[in-house]
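One chain is shown next in structure tokens, namely the form predicted alone.
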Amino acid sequence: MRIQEPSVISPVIIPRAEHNISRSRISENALKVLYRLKTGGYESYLVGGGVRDLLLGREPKDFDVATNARPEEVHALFRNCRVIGRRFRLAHVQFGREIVEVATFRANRPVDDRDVHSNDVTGRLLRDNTYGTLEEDAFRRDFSVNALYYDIRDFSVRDYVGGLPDLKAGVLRLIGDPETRYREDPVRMLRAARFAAKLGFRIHPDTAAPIARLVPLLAGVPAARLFEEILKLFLYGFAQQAYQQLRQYGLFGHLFPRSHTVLNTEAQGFPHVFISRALANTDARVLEDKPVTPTFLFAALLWEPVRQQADTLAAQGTPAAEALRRAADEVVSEQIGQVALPRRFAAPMVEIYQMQARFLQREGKRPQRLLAHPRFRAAYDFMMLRAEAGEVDPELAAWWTRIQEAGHVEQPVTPMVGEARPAGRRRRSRRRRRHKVSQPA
């Protein structure tokens, strides 16, 4: 279904009695922003993912507000506000740790010389500070289910683009021509995969059709922005589904080219399962409200190419620890060129990789030194995932589990008199100290 232009279609207005959004489920600070804008004589609407999630009966992560007030006018109403962005100017109203994002209605047209709307040669949107009406703002948004507006004046929901029927049908659909919208902002392809995974929706065929062909446009997206999008895809409890979406639409290969190449081949006749198990573990930790880190995530996503390269080096005679170090440096350096991975995450990743070889060393004091390493727990968890995937001997994994639970390496018990002393230990000889006895004069 092709969405009509705003001049043709009238909004569907759902009164309060016919939807399930209650102010008791909206952030108190978001309500403050909505009411103060209303009192100041401006239009104010809750919009985007917050409205979508409330209608689905979910708890929103954050709340965004749309208004006809310009960013500087929002700033004048709130002392706790700062205006950010150049390509897309926004007002952030901060209440302690919570930020309510306030965006002025946008339009896909230039209004006057002061408002700039510019695209590059590929169609990517460079600047988007052309202000417009509520209706124009609805058609400028990305997906229909994200273009629903909750009106604080009468508590109704406004739908200009068929978002409610799509929400009920579980369909993710771009507003407007899909290829044009992807060219404006190629990250929308990643957002399509993310929302489909998060909501359990299917991507509309028209929305899905151009993705595989337009994936190369992601090369024009700043590497730092791709890093942030990867965190949104994998660290919020739906990593397994996001991974499947990325693989299905050919997006994973652009984000992780070395991993993609390895995953397209089987390991000794068996499919690679480590990433799937690692992502399942990540989702479980999020569900249990345990911490998850980009370090462990990227270590898991890049492990297959690191392991393969390390095996190649080891077959050429390189010691196991050195092979892992060299393989890790090579793969991580290439990945940073694709997606900006901050050093504070990249350096611990390499340590986790290098420590995998040290788990094979159980003699002498080496296990105790490994236990004392600040990255031991992360490296141990990584090794246990490898064991689940069939890469590590179960007996070795069980031994280290006993050791790490005890917190130390058990030492042999000192033998009783007449009992054989454990092999491999030499008794330290003590030299008896002789005391010189003075002779009488």
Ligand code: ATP
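The shown structure was predicted, so the numbers you read here are calculated from the model rather than taken from an experiment. Residues carry their position along the shown sequence, with the first being 1.
The form predicted in complex with the named molecule exists for this protein as well; it is not shown, and the discussion that follows is about that form.
Within 4.5 Å, heavy atoms only, which of D53, D381, E43, E391 is in contact with the named molecule in the predicted complex?
Result of the distance check: D53.
Among R173, H254, R141, R258, which has any heavy atom within 4.5 Å of the named molecule in the predicted complex?
Residue within 4.5 Å of the partner: R141.
Since the chain is shown here on its own, which stretch among 214-222, 78-86, 181-189, 155-163 would lie within 4.5 Å of the named molecule in the predicted complex, judged by heavy atoms?
That would be stretch 181-189.
With a 4.5 Å heavy atom cut-off, would you call R285 a contact of the named molecule in the predicted complex?
The answer is no: R285 has no heavy atom within 4.5 Å of the named molecule.
Would you check, heavy atoms only and a 4.5 Å threshold, whether F195 touches the named molecule in the predicted complex?
Flag for F195 set to yes.
Though only this chain appears here, would D62 touch the named molecule in the predicted complex if you measure heavy atom gaps against 4.5 Å?
Heavy-atom contact with the named molecule at 4.5 Å: present for D62.
Is N146 a contact residue for the named molecule in the predicted complex, using a 4.5 Å heavy atom cut-off?
Contact check for N146: yes, within 4.5 Å of the named molecule in the predicted complex.
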